[in-house]
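For reference, the chain that follows is the form predicted alone, supplied as structure tokens.
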């Protein structure tokens, strides 16, 4: 009798060749998470629009501050007014992209542990860090990220500067490295929740340090600059991409340092996550 591959079920030791691959499976799961996020945002349209307005006003205030500052000086180190505005736009873009994908999820980890909902995530047949990190998407942050790109483009126009396609690609690649730095360090701090149950104060405290990334690295010296370059690499996150985009980076050292620190931060966050999971017992025990 001939075998019908469309109806025959795989044996207990035979892989199901009709099942989607790992990447396709996770892609479908992430698409479902996006769908839930869209539904959530449409239920609270007022809140969605209000947060966009708040972020735009805050972004505008920072740009106004730089405008006032440069009424009294022409340079901060070697940074001109429009280069600093491009730096602020880049920092805002990186922050908003991080916020779109990771911020809410990192801050909610302690609540998942406190309420016992983390137990249900552990039972899911997928990587736990994946679902913890990407459960929700902040759609409003994409709008704010787009406004940041508009400011970057306007600043480049004011400088009569047109970057090449390679510079643009490297710029966005380094922005991804900056997002990875923010995500890794905040996720590592959120993992403290396995010991303290509540860690929102620590997580939001790190979020406030994002403001340092908006400032030119040449404005800092000594131990402060060393700490926020090698311990908490805030000064690398935005400065390095802008230096590459505006031809202010004459050597590969800063680029390699940002890429190395982003990889190191991710490895540290993964180590902290695994140690924290071994510490976790469950809400009911």
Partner chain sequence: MRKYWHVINLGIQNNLTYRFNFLARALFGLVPLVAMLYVWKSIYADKGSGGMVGPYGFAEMVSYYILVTVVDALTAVNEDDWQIAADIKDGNISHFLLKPIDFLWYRLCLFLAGRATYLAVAALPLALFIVFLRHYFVLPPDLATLGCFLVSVLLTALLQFFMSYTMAMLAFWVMEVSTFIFILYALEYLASGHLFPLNVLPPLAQRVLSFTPFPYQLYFPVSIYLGKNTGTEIVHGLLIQAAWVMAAWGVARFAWNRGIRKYAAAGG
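Just so it is clear, the structure is predicted and the values come from calculations on it, not from any experiment. Residue numbers count along the first chain shown, from 1.
Same protein, other form: the form predicted in complex with its partner chain, not shown, and the subject of what follows.
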Heavy atoms within 4.5 Å of its partner chain in the model of the complex: which stretch among 33-41, 256-264, 221-229, 239-247?
-> 221-229
Check all three, 58, 205 and 212, heavy atom within 4.5 Å of its partner chain in the model of the complex | yes
Is there a non-hydrogen atom of residue 28 within 4.5 angstroms of a non-hydrogen atom of its partner chain in the model of the complex?
-> no
Any of the heavy atoms of residue 157 lying within 4.5 Å of its partner chain in the model of the complex?
-> no
Looking in the model of the complex, any heavy atom of residue 75 within 4.5 Å of its partner chain?
-> yes
Mark residue 71 yes when one of its heavy atoms lies within 4.5 Å of a heavy atom of its partner chain in the model of the complex, and no otherwise.
-> yes
Could you list the residues in 43-64 that come within 4.5 Å of its partner chain in the model of the complex, counting only heavy atoms and keeping sequence order?
-> 47, 50, 51, 53, 54, 57, 58, 61, 64
